[in-house]
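Here you get one chain, nothing else, as structure tokens; it is the form predicted alone.
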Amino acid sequence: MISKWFDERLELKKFKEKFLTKAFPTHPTFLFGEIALFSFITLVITGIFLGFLYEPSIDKVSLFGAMVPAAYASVVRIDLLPLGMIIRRIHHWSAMIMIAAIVTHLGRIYFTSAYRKPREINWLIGLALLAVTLGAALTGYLLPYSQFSVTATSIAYYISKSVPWIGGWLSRLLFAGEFPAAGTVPRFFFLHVMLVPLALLGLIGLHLLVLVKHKHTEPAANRKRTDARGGRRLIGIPVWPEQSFISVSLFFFLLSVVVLMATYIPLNPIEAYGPPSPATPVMRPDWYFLPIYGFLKLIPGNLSFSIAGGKFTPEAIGGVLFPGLLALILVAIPFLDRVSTPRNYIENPLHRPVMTSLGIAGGAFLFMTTLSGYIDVLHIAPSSMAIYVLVVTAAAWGISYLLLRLYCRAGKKGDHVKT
């Protein structure tokens, strides 16, 4: 009776027939998107708890007899609460996993050419999701307001200030004045808990909407499978109940992994670093910002030039031009690797020597720029490291391309070699 009452008003049966019977791919690599989504849900839940206890202010308050910024003091008090430190660590590691899952998901799409027509829009939405998620990480980095987090955020401030033509205006907009200003923490808190999550919710919803419209890509082996009427049949399992149970199981498994990580892997100890001071601690950003940090290490300090009144300093070259060029290349991929007809099947990366070798070279380049962030530990001169980056990138491209071409010529792919 109850189900009938709801069905008469909400037409739940029609909803089930239209949406809950849709096929979901069974290949495990498609779960990276779900891992990113579940990490976001965990971030929201733990963020609500932390938001109730956090004080977004740098006004001085007393903490154990010392006067420290209120933001710093509130985080120290959170860590002293029962489960407070664990929840803060869960929030931290969920953010790490979300970024890693999005990067891996985009990598799978690239190497299987799932960005091709008609899925160019979802590729761009995925890139936007990655960019906004990195923005969430950046705005959250400052909130503990320890000596470590302030020093790390200052790098972003000087990069934003170095943007040609609009750097001064942009840095004041993002950082509420000269960093660290009294309004910087409240502004970052607003961005972190309101604006960025809303942007992520909108992009996730749009991504799922486009995904439902286009449906998922399938292995090439499914080309010959048809339904009873001879039409194309999408291979997979229904969203309800099979995939729903798998998703719930994945969520709790992911949550257990994050709890274990939070239990045994500590964060940057804000109590050890203390509140901001004139001293500059030895620090490096988290792994997702290390390629930019490493690239900045490779740029000579005296390298600068001007174009139409805009000055390009080493910070602008490494922190603005470099990530901007990477973003432009990623955006252009589906429009450079164009096809005339819609592609609904996964391409084998081994059968695409050009695009696969370029992807491998790009991965090698990012790995080497990440490694460049440790040149002080490795005792390598910036000029020598720059040569290593170029050599390893070129070798990764050349070797992978030759091997893939030999593989195709051996007849394992067939007569037609796609790029």
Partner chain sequence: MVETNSEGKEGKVTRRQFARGFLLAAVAGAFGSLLSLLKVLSPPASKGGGYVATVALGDLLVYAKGSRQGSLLKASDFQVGDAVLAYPQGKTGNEANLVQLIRMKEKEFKPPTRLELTDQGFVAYSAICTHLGCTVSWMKNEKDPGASYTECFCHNSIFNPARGARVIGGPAPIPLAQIGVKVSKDGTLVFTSGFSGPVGPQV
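Residue numbers count along the first chain shown, from 1. These numbers come from a predicted model, not from an experiment.
A second form of this protein, the form predicted together with the partner chain, is not displayed here; the remarks below concern that form.
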Quiz item: Might H207 be said to contact the partner chain in the predicted bound form, defining contact as any heavy atom within 4.5 Å?
Solution: no
Quiz item: Does L328 reach the partner chain in the predicted bound form if we count a contact as any heavy atom within 4.5 Å?
Solution: no
Quiz prompt | Touches the partner chain in the predicted bound form: A128 (any heavy atom, 4.5 Å) | solution = no
Practice problem: Report whether the minimum heavy atom distance between F251 and the partner chain in the predicted bound form is within 4.5 Å. | Solution: no
Quiz item: Taking the partner as it appears in the predicted bound form, which of 32 to 40, 57 to 65, 349 to 357, 368 to 376 has residues with heavy atoms within 4.5 Å of the partner chain?
Solution: 368 to 376
Self-check item: Candidate from I99, L296, I78, L200 lying within 4.5 Å of the partner chain in the predicted bound form - any heavy atom
Solution: L296
Quiz prompt | Partner-contacting position among L134, L173, L83, M261 - heavy atom within 4.5 Å of the partner chain in the predicted bound form | solution = L173
Quiz item: Which residues from 123 to 157 come close to the partner chain in the predicted bound form, meaning a heavy atom within 4.5 Å?
Solution: T151, S154, I155
